[in-house]
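Starting off, we have a lone chain in the form predicted on its own, written out as structure tokens.
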Amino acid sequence: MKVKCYIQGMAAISPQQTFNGDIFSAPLVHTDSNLLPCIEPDYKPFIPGNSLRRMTRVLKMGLTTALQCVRDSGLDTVGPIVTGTGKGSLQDTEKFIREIEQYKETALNPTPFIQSTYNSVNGLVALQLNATAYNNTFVHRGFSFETALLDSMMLLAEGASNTLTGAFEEMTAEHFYIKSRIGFWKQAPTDSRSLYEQLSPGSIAGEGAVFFSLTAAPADNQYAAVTGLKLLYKPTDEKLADTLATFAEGADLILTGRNGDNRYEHYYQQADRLNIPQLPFKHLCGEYDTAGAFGMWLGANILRSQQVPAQWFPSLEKVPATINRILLYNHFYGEQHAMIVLERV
């Protein structure tokens, strides 16, 4: 899809210090536990205390990120709210299932069930902002965020003035253990700073919440324009190579979702043949269903500031002096492949 839209505002809670302050001076946060948890901000300026104590992590993260994004955009009204998530609220889901067994299906507290639904973040955001427009959550594994982005671009093309588009994901100890049993994570402790040098089965886990305020019209101080989006499900090598070559045309930089998993590294090696400088970003946020949203947030920051946060990329050798166009290429365990083109405005 090549309908253009513009990033008016954005916000991110991630394993790096991305919510407050200047990312170009923020130190690189790393781990050797194979899990990159989010650095959570103080939620009290955003959420009343009596509501805060009843909310789980992903609800706090999602709602706070959305509210900060709206502040950053400066928009007075919020249009459609469209999000993507791979797992929704894992903490509430696990609590509800645990209580079913504990109380033998009697006297269950309905709150964890209500808050475990995938669209609970959207509902909270709409209630907080008094937003009554279109509201939708996509749960499409590795395509969750990208489908929300596609839906938002279609809404803008049909006349919506702006959309609040985002993605959120959390990791729990139980889910980390389950995914480790089916080969999602590396078996040996891996320093995230050397993730791409230690190729082996699995990656490192991550989580995060990212929101964008998208508009159909250009304006001052926008971060970037989204000018292209392509989703491929289990493409052949030939199809992937052809699509990458098409979408990389004119790109000054490629952001890749390389994650140190040698089972799927060959897909990213297709991008190596394009002879365009690359930056992998999974050592910053870890691997999760909607990590592509973090990549898009990073790309938009680079385009507006015309610089790369060098401290986050210790092995960085050289990037173009001027970056006008970025291709973001990410895939989720070799199945869902997504390409997003970002341009300077």
Partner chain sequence: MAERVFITGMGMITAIGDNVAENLEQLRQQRSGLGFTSYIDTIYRQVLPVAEVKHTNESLATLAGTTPCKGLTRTTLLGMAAMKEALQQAGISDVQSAPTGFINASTVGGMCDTEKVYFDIINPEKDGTFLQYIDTLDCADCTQRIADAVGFCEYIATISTACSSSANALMFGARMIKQGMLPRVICGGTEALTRFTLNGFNSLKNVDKQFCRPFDQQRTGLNLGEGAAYLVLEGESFARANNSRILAELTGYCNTNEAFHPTSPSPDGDGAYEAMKAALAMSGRSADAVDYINVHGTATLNNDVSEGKALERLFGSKVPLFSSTKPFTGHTLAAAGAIEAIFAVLAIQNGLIFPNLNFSEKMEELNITPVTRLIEDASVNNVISNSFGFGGNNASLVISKYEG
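As the structure is a computational prediction, the values presented were derived from the model and not from experiment. Numbering follows the first chain given and starts at 1.
Omitted from view is the form predicted together with its partner chain, to which the following refers.
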Since exactly one of T190, T256, T93, S73 fits, which has a heavy atom within 4.5 Å of its partner chain in the predicted bound form?
T93
Contacting member of G228, G202, G86, G206, with respect to its partner chain in the predicted bound form [4.5 Å, heavy atom]
G86
Stretch from 213-221, 122-130, 193-201, 261-269 whose residues place a heavy atom within 4.5 Å of its partner chain in the predicted bound form
122-130
Is L155 close to its partner chain in the predicted bound form, meaning a heavy atom pair under 4.5 Å apart or at it?
yes
Even though its partner chain is not shown here, does N135 get within 4.5 Å of it in the predicted bound form, heavy atoms only?
yes
Is there any non-hydrogen atom of P110 lying within 4.5 Å of its partner chain in the predicted bound form?
yes
4.5 angstroms heavy atom contact with its partner chain in the predicted bound form for T117
yes
Please determine whether each residue of E40, T246 and F313 possesses a non-hydrogen atom within 4.5 angstroms of its partner chain in the predicted bound form.
no
Could you list the residues in 137-153 that come within 4.5 Å of its partner chain in the predicted bound form, counting only heavy atoms and keeping sequence order?
T137, F138, V139, H140, R141, F143, T147, L150, D151
